[in-house]
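Only one chain is included here, represented as structure tokens and corresponding to the form predicted alone.
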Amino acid sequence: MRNVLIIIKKELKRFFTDRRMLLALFLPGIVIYLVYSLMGNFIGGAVSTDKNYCYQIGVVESSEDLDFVFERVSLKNEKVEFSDVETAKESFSNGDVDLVIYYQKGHSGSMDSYEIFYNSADVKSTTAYAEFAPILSAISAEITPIFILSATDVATEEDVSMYVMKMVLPMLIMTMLLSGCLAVAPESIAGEKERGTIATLLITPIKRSYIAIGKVIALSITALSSAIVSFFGLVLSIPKLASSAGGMQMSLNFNFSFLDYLGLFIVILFTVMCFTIILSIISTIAKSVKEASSYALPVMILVMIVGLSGMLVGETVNEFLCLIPIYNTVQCISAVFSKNLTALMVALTVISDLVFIVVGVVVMAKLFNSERVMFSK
């Protein structure tokens, strides 16, 4: 155990005293915050209009019903009347009006009708349509009696927030965790092989299996610190990004319990160790940092696909799927935001990940004992 601690201290000292390594560790979190915040501001500006903007609503053949509609809408607007439809359409195409409402009075026994012209690619036109269409629809139903379906949305702001988070966050968290591991794992082993310093470490009177274990633990601690910074960067940027999603203000008051946070932390901890052991094996096999990074690319793609499965499975949260390493992380994160995380899910995740890690350490120890692998050029 003492020899393992020596390796851990050596690795941690090297990681946290190297400015370039620190930059590689913590830069992703900073970049996530800046990029997502800028995206939120950009999208927010693209999908919203000035509150003081006066919408120009073109009207052909006005009626008393339309006057009632204009009284009911909350948007600031100005009615622009046209004598015929073609002139109104031309004005709409030129951008002079944001919406055109055509009232056609029935002739020869036909019923009165309304027709709306709007541009779904234009934010102002879409906003005006969303305001006028429901009221016009209600009026049309009164003029031409039909069966009206009344629907009530009982979803709260928190429910919507939870749903979006559990769809998006699994992939983002998985990617962040793997990025933290990628920042240090190739350099830790393949980098030493490339520089030739691994030979000095291997001739010390420390078992090579202890060296492998020490490196895995040190890499896990370092990668977890990077993941924590990235996670906080994501959390801080989510309000800006979420507030631009169709104007929806998402509540971050999820009322998580201490056990939810503890379970999520344990899952993240073991996931980082799984990623670390995978990348450490790749780094041990590789002859250089560049080669290790190229070998890690398929792993990155696979992890992103697994993370996206959170969007595909939706509400499906199966406790026994937690026996599958890496994928169990997606299940647990989705369960946290569904408020369905159980102690059994965390226990199964820990057990399966622990078995995976032990097997990985054994494989890595065997690779360390291979002269051909460790000293290949």
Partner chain sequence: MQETLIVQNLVKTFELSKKQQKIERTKLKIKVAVDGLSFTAKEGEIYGLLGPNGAGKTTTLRIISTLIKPNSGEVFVLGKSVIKEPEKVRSEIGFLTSELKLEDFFTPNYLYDYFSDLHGVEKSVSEKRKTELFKKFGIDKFAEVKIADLSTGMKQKVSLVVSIVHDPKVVIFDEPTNGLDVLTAKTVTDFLIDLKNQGKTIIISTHIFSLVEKICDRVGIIINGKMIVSDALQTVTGGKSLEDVFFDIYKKEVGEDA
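Values in this document were obtained by computation on a predicted structure and should not be read as measured data. Positions refer to the first chain, counted from 1.
Same protein, other form: the form predicted in complex with the partner chain, not shown, and the subject of what follows.
Participant: My question is simply whether Glu291 lines the interface with the partner chain in the predicted bound form - judged by any non-hydrogen atom within 4.5 Å.
Facilitator: Flag for Glu291 set to no.
Participant: May I ask you to check whether Leu201 falls inside a 4.5 Å heavy atom distance of the partner chain in the predicted bound form?
Facilitator: Although the partner chain is absent here, Leu201 would touch it in the predicted bound form, with heavy atoms inside 4.5 Å.
Participant: Test of understanding: in the predicted bound form, would Lys124 fall inside 4.5 Å of the partner chain by heavy atoms?
Facilitator: Because no heavy atom of Lys124 falls inside 4.5 Å of the partner chain in the predicted bound form, the answer is no.
Participant: At 4.5 Å between heavy atoms, is Arg72 in contact with the partner chain in the predicted bound form?
Facilitator: Residue-level check for Arg72: no, no contact with the partner chain.
Participant: Work out which of the listed stretches, 220-228, 129-137, 189-197, 75-83, brings a heavy atom within 4.5 angstroms of the partner chain in the predicted bound form.
Facilitator: Of the options given, it is 189-197.
Participant: Output the sequence-ordered list of residues from 322-353 with at least one heavy atom within 4.5 Å of the partner chain in the predicted bound form.
Facilitator: Residues within 4.5 Å: none.
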